[in-house]
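Quick heads-up: it's one chain on its own, the form predicted on its own, in structure tokens.
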Amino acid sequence: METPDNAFGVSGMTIMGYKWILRTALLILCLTASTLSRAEFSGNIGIEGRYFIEDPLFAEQSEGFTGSISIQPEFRHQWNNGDNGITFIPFARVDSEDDERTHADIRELYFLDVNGDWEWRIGINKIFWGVLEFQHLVDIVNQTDTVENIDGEDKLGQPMLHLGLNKDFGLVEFFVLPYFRERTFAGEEGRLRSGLVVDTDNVTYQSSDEENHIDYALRWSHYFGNFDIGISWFDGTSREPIFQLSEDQSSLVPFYQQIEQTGLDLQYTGEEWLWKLEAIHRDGLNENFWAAGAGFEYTFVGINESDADLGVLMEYQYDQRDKNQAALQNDLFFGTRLAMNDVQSTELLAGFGYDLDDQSRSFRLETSRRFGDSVKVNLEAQYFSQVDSENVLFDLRQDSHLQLEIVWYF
């Protein structure tokens, strides 16, 4: 069987990008070659099945059941009492139906050096910013790996130089991001996609440097009593593309503009209460807007005199953009989180989303449980209901599905 041209994500990264990664890998290996024999190896292999409840909306899409296999080995080693280290985490998935979901990525590949209050990392890494549950507005460094899941939690590895200074006044982090990662999208046969397929082979950019534009980010974070605060700034290529019709109007062409974004994340922790806030202002070629999310989580500790904890969540998301540009521009979320605190690490998170403008609704369930020392079972459910025709999620209205994943850790 022939391998498709875009197998393992080749179409999502230029030859220059692969050369950059190869040079970084060779540099890290040279820095650590004398100590590799004492490295730690681990990782996981997963088997995933998705069952779509309704028939596909578009003729080319797969019906019913889809399956896939993923692997994520992990390689770590530290020396000099932890002041130096190397981490390497590749990832690959093979999907039974969607060629675009068959892809590979280097999630992490970096060298770490700690010197007193200073530390720096060079290579490929994943950085997470944010405190909210249902959307992370301030989380902008890494690109979203949409073919993995539409919840925005899966990210592509980002090439970077990361410098941090940890002092009494807080942690200051500076990022140089020399290569841009394009967002992944489902292919013609894939589910959870727009009516017109996204053409990732003809991406356009505002910058003449295209994917080689150098982006910068800066963040200060600290805590004051029960408050944790982070203030961030980003200047570079937007991780969210704007879609334009192709010349023959048969597909969508992503356009990545240059933006400047300032962000704030704030969390108050008080016994059973968590109060959360994220807010951003973004300025770009075709947009200048504010967006914010706020909410709380209250935890009932030891329900019914057991070891289990039950959390109740509520969050509100606001975005100045129109609802055909932003999925969450005037939306309310309710959720519950159950942690059994048992040997099997049984957990459950359920959330209900409601659009206050057009009454579109969605429901999401995530639950997991460990079996033995090396097997974990994850179950997810996503349900879309009464999605308005002007809502950005309208093309997903028949993509409600169940997802079961069995993961073996080694």
Partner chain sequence: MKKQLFATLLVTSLFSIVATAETDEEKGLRIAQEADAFDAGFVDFTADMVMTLKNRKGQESIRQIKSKTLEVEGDGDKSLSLFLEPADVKGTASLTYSHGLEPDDQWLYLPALKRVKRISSKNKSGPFMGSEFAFEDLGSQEVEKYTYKFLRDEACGEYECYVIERFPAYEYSGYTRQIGWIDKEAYRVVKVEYYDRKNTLLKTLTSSGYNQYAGKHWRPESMEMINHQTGKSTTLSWENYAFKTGLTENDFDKNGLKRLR
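Given the structure is predicted, the values throughout are model-derived calculations rather than measurements. Residue numbers count along the first chain shown, from 1.
Just so you know, the form predicted in complex with its partner chain exists too; it's not on screen, but the next bit is about it.
- Note that among 92-100, 188-196, 114-122, 326-334, the stretch whose heavy atoms approach its partner chain to within 4.5 Å in the predicted bound form is 114-122.
- Within 4.5 Å of its partner chain in the predicted bound form, a heavy atom is found for none of D248, R321 and H401.
- Proximity to its partner chain in the predicted bound form, taken as a non-hydrogen atom within 4.5 angstroms, holds for one residue of L252, V131, V147, I280, which is V131.
- For the residues A104, A294, L171, I71, the 4.5 Å heavy atom test against its partner chain in the predicted bound form is passed only by L171.
- Its partner chain in the predicted bound form comes within 4.5 Å of no heavy atom belonging to E54.
- Using a 4.5 angstroms limit between non-hydrogen atoms, E240 is distant from its partner chain in the predicted bound form.
- Looking at R364, you'd find every heavy atom of it more than 4.5 angstroms from its partner chain in the predicted bound form.
- Proximity of E272 to its partner chain in the predicted bound form: non-hydrogen atoms within 4.5 Å are present.
- Residues are counted as partner-facing when one of their heavy atoms sits within 4.5 Å of its partner chain in the predicted bound form; in 138-160 only E153 qualifies.
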